[in-house]
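The structure tokens that follow cover one protein chain in two forms, given apart as structure 1 and structure 2.
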Structure 1
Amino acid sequence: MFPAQPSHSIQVIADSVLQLSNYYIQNPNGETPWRENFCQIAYRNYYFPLNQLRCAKVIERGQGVNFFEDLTYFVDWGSGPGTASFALAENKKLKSQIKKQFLVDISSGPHKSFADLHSNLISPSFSTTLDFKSYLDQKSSTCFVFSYSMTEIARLPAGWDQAEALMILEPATSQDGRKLLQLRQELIEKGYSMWAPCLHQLACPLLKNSNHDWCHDRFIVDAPAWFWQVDQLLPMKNKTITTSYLLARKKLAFAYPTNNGRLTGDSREEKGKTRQLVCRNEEREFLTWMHKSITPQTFPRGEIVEISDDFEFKSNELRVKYPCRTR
């Protein structure tokens, strides 16, 4: 995922990352400036491996529910260097299943500048335009992938939502994350079924019952020593990274038992109790461990747990009497 050796000095990489980060802040909907040297340095050493890790973790979540079954054609839309495509091609189980990878980006910049990386992809083809007809020939086995690209794509052409499967990752910010939750609702209305991260097809409780919450998972970063030297020079820290995502298919999703819940918040210590936001239906609820009656547990954000039916329901809290078990 991370190059064994960086392509430039630690200082040059850190400066380039800052320059690209500032560009994104000043141009929130602007296109990635692929032709700029600083962008290529920052992407190769920093954004590319971090986004690839995010994709790899989301793919693992999908594999946990068999999301990728029978999918053989992958269209990486707004591919950049092919970040999501690499994560797919490097996944041991998917590698033998994928027949073809299409990389589509409005700019030819990433395709040309990162060409040296592409030999590891599976029968790849590159394009600057999306020709739906050819991609949708294999409709029932096609997955459209958007990794940090929806936020940049001003208007999605009609037909983008015809593929059997969609894998969408977006920045874990309130603005992009909540837009993704709105999209989730639209996709359900179009007949898609949510396979992950959602455990149900009801309205999203974070969108329905809050004005600022957004759904995202958090992952631990395992990187070589040089990466942490870059990290030390940056204001944003990457010991853990977050992402907001959706895995949707026309095929009906796996039905979770009703006693399962997904932790959609980080664990919080409060006076006399430990609470963690949990999603199991359209209500915004907290799994709660009252310290006087049970030893508190903490789970990583995104984890799915089994909750014993024997809990006390108070306000928006499920006060558990027995420990929860991870699935």
Structure 2
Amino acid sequence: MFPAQPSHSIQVIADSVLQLSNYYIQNPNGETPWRENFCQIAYRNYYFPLNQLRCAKVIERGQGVNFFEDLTYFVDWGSGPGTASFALAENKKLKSQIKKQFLVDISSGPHKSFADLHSNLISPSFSTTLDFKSYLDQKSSTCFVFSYSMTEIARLPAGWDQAEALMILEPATSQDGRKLLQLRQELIEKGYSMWAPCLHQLACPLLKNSNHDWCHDRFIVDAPAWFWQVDQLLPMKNKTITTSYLLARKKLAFAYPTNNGRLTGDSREEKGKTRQLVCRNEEREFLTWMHKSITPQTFPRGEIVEISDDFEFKSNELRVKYPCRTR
């Protein structure tokens, strides 16, 4: 995932990352300058491995609920350097399952600039033709992958919603995250079932009952020592990374027990209690530990927990009497 050794000196990598970051700030709607040397250095050593880690963690979430069962064709739409495709091909369990990977991007630049990164892809096919129907010959076993590409497009070409499965990742920002929550409802109306991160097919409580909340997972970054040397020279820190995502299929999703909840917020200490936003239906609720009666627990955002049926429900709080367990 991360190169064992960096391709350039620590200072050159840090300078390249800052240069690309400044480019994005100054050109928010501009095309990524793939052919520029500073862009390739920044992507190979920093952005690519971090984004691949995001994809790999989402893939692991999907494998936990058998989302990828029987899927053999993967279309990486708006692929850029192929980050999501690379993460799929690197997954040991999926490597023997995938028959073909299609990388589709309007610019051929990423494919040429990052050709060596694609050496491990499974029967790769590269195209600049943005026509989803071209990839639907095996639609019952096809998964369309949108890694940081769907919510940037005002309107996608016809056919994107015909595949059996959709794997969608977006930045964990309020704007992109809430767009994804709106898309979730549209997908349900189109006949898709939410496999992850959602535990139910009801309305999203963060969209229904809040004007500012959004859904995202947080993952710990495990990187080699040289990466942290680069990190020390940058204003942005990446001890943990976040991403918003949806895994949807035409096939019905696994039905979770009613006592299961997914933690959609970070743990918050308040006077006399510890609270953590939890999703188990269409209501906005907090899993709550009252300090006078139970030792509080802290779980990572995105974890699924089993909640004892013996709790006190007050306002929007589930005041637990017994410890919760992770699935």
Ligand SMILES: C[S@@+](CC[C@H](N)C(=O)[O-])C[C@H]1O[C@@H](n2cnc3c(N)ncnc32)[C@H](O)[C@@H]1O
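Note that the rigid core is defined as the largest set of C-alphas that superpose within 1.5 Å between two forms. Remember, it's a predicted structure, so these values are computed and weren't measured experimentally. Quick note, the numbers are simply positions in structure 1, starting from 1.
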*asked:* I want to make sure I have the labels right. Is the form predicted on its own structure 1, or is it structure 2?
replied: 2
*Does Lys273 show a Cα shift reaching 2 Å between the two structures after rigid-core superposition?*
no
*So with the core overlaid, does the Cα of Glu36 end up 2 Å or more away between the two structures?*
yes
